[in-house]
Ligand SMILES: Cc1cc2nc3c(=O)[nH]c(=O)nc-3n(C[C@H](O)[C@H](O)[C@H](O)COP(=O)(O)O)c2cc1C
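Read the single chain below, which is given as C-alpha cells and is the form predicted on its own.
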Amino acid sequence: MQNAVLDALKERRSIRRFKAEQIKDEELMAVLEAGTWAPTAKGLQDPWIVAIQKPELLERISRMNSEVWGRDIDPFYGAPTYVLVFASGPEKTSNGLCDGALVLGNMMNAAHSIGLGSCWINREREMFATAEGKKMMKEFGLPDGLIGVGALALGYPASFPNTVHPRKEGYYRIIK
C-alpha cells in the first residue's frame, strides 16, 4: 500500500547539517501544533513543548548537552531552532516519557512534510535534572515535577543523508 503519509514516513531522515537561516514562524507553528496532536495516555496532554531560537540560550543548551555527553561538540549540529519536550516524572504518571516521545515523533514527521530537517537529540533527562537545568525550566515557566524527554534540532537541511539502511529481517510479527 502506498500513500503520501506512508511515503513521507519512509523518506524522513535525521538531518545533522543545517543552514544558519532561521525557519519561518509559520513553519515553527506547524511543527509545534503537530506535536500537540500526538496521542497521550488518557488524553491528558501531559507533555510540555518549548521552542528556543534565542542565540544565547541555544549556546547554553548546547553546552549543557555536550557536557552531559562528555564531548566538546555542538550536539545540535548548528540548527537555528531547538525544540525541547518535557513531561511529568514517574511519581505522577508512568506514561510521561512515552507521551513525550510521541510528541517528538509527530514533530519530526511534520517537519519533514514541510521541507524542514530535524534530528532527535538525547540527554535532556540528565541535563534538566541538574541545578542549572531546573533553574532553566523555571525560566521557561514550566511546572515543578517535569523531566526532560528529548529535543529536536530543527532547521533547513544543508545536506541530506544518502544512505538508507534496509529494515532488519523479522522486525515485526503477525499472529493470527
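Note that residue numbering follows the sequence shown and begins at 1. No experiment lies behind these values; they were computed from the predicted model shown.
One more form of this protein, predicted in complex with this ligand, exists but is not displayed; see below.
Engineer: Which is the contacting stretch out of 25-33, 38-46, 121-129, 53-61, given heavy atoms within 4.5 Å of this ligand in the model of the complex?
Structural biologist: Comparing against this ligand in the model of the complex, the contact stretch is 121-129.
Engineer: Does K19 reach this ligand in the model of the complex if we count a contact as any heavy atom within 4.5 Å?
Structural biologist: K19: no contact with this ligand in the model of the complex.
Engineer: Is any part of 74-97 within 4.5 angstroms of this ligand in the model of the complex by a non-hydrogen atom, and which residues would that be?
Structural biologist: If the 4.5 Å heavy-atom criterion is applied to this ligand in the model of the complex, 74-97 yields only Y77.
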